[in-house]
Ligand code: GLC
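Consider the single chain below, provided in structure tokens and representing the form predicted on its own.
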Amino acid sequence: MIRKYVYGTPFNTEAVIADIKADSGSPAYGTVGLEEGFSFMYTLKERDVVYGLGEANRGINKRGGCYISDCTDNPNHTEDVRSLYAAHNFIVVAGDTCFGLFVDYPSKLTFDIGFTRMDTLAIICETGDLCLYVIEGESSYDIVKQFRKIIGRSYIPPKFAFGFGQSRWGYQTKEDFRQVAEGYRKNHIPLDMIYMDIDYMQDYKDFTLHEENFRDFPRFVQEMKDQNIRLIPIIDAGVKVEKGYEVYEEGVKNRYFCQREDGSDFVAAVWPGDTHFPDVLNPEARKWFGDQYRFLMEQGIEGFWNDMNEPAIFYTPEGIKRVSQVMKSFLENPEAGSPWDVKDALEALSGNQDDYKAFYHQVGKERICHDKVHNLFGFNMTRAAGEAFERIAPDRRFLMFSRSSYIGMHRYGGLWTGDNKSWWSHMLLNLKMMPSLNMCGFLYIGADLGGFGANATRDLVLRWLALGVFTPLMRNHAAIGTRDQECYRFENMEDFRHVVGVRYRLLPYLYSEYMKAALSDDLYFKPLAFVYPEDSHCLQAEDQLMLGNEIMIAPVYTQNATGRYVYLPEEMKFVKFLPNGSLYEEILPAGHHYVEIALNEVPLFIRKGKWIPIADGAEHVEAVNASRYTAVGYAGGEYVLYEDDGIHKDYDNPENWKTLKY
């Protein structure tokens, strides 16, 4: 059962698409306060677990932390960081009493979940203009599925997007991309995508190509496709201020950019220098910006990734003035101030809250200050692209994922978890974040495998790839200036060939489970407690996940480890993909086990009574033959395989479903 409570005058975020009438009463759980903004207070019982919040720090159980929904460009994801790139305001409180909350509020919102007081859940924001959805159900899992129903079907990418992708900030010329393609194809390491970071553009201008480096681009796109490799370019949120640049000129002429209070176009510096932000909350401007993707689509591009759309701000002219004043005051009278004032002013240039209060969106006849709807920018930038794809090629699927998001964006694209580091702790964070994102509707998800910032080690990349085998978005991505971490750069590259190859052997199963989750508003990744709610050990399991309906994954995420401890809530078959192409299989009873897993092995566990299809190896998605499979697991049951052309949208065609027997 879902009840909706409306406070003040909420902005329509369009996160919820179901028509739910407002309840005139008060929520059955907690206490709502409206004296100063909005607050929701609830006393947590000792054993209550709190799930949700999508892309947020810490673990699957969010209890004990403080989280602030405030989309932020911060690459330093240390344990004390409270805001990441997204705002996913859905939680489930699970215990003797079980209920879910979705706070539909597009500005800064704090979830204090037993941080200030261990027994208190406090949800706080500055204004009382929001919708609160309270969901009751039989279990946490039931509550999540009810929520998924009211926010709409998750995005479904083309099938090639389930292949492996290589990315790096720093590929600048056709030869750079050819070298990557050759490195994978020559060494027979599977690959389906190479990503194009900001250097493919002319002077970092959206919807342009570098005039020298990417002449005759359609032919180059086709050259890569002839090798079964798709190029996936990045699109940034800021449009460069430059006379003669058509996108800029059009946006200024038609008033499609966000504006200051005085009506002038707001200026913020990002990669190109001074930029304007498209007013993607304005339907006209959103349509215009979305139509710009046509430039690359007409040259053969079939996918994009949206970045810098929190929106990120390096600085503004107003910010420079603020810093200048602080420095001037300090230089004129050093004894009256402190060097810390200058340092703090410089650090506050990027993503300054005052800058987000300085520009506006035009929504209908109303002008709305950006800071009131800040968390919707990334959602609506990606929506602009998704709606454009529907207009331009309505029968085809396109790859689209974003860095910043709000609930609702899951209908238009997936997400990657941003600029992580080559840290073992970030691999574990990647693992823990996956089910929380699924709860909020985001199914096509993944992290930068091997880590984006810092220097990766060979063992970290291998272990992280063995986790990435199971995430729908499987991409190796690294920052300029860091160690090269393409799979063919390391010694004994046959280990990488094998680990990435396991993805393609599992593809019929992984794709089927993704489609089942998307088409039935279900989860692809689940916490163990969702499947085994009566098992108290499963409530504590944060480094093991259920995937689909048949398997459990438990990756190794510790350096120098030769294996790991796992907890099995029931008898399972322990399976390892060995580097010689064979499988190791052992039935393990319920309970605690130490399992050995070498660096070049990929483990999984198959639930009792279930089995999965394993395909032959392939070097790209189109070469995977789902009709030729080996059954692995427990004999005697059936498996329902989903297989379509991976391009079009006839998802409900009964011919896509096949029942396999073992």
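Don't overthink the numbering: it's just position in the shown sequence, from 1. Predicted model only: the values in this text are computed from it and were never measured.
One more form of this protein should be noted, the form predicted together with the named molecule, which is absent from this view; the next part is about it.
Colleague: In the predicted bound form, does Tyr532 come within 4.5 Å of the named molecule, counting heavy atoms only?
Modeller: Residue-level check for Tyr532: no, no contact with the named molecule.
Colleague: Does Trp271 reach the named molecule in the predicted bound form if we count a contact as any heavy atom within 4.5 Å?
Modeller: Answer yes; at least one heavy atom of Trp271 falls within 4.5 Å of the named molecule in the predicted bound form.
Colleague: Heavy atom to heavy atom, is Asp197 within 4.5 Å of the named molecule in the predicted bound form?
Modeller: Close contact exists here: in the predicted bound form, Asp197 approaches the named molecule to within 4.5 Å, heavy atoms only.
Colleague: Counting only non-hydrogen atoms and a 4.5 angstroms cut-off, does Asp206 reach the named molecule in the predicted bound form?
Modeller: No, Asp206 sits far enough from the named molecule in the predicted bound form that none of its heavy atoms falls within 4.5 Å.
Colleague: If the cut-off is 4.5 angstroms on heavy atoms, which of these, Phe470, Tyr155, Tyr557, Trp305, is the one near the named molecule in the predicted bound form?
Modeller: Comparing distances to the named molecule in the predicted bound form, the residue within 4.5 Å is Trp305.
Colleague: Tell me, which of Phe111, Phe377, Tyr293, Phe452 has a heavy atom within 4.5 angstroms of the named molecule in the predicted bound form?
Modeller: Looking at the other structure, the residue within range turns out to be Phe452.
Colleague: Picking from 171-179, 340-348, 257-265, 413-421, which part of the chain touches the named molecule in the predicted bound form when contact means heavy atoms within 4.5 Å?
Modeller: Among the candidates, contact is made by 413-421.
Colleague: Would you mind checking 205-243 for residues with a heavy atom within 4.5 Å of the named molecule in the predicted bound form?
Modeller: The stretch touches the partner through Ile234 alone.
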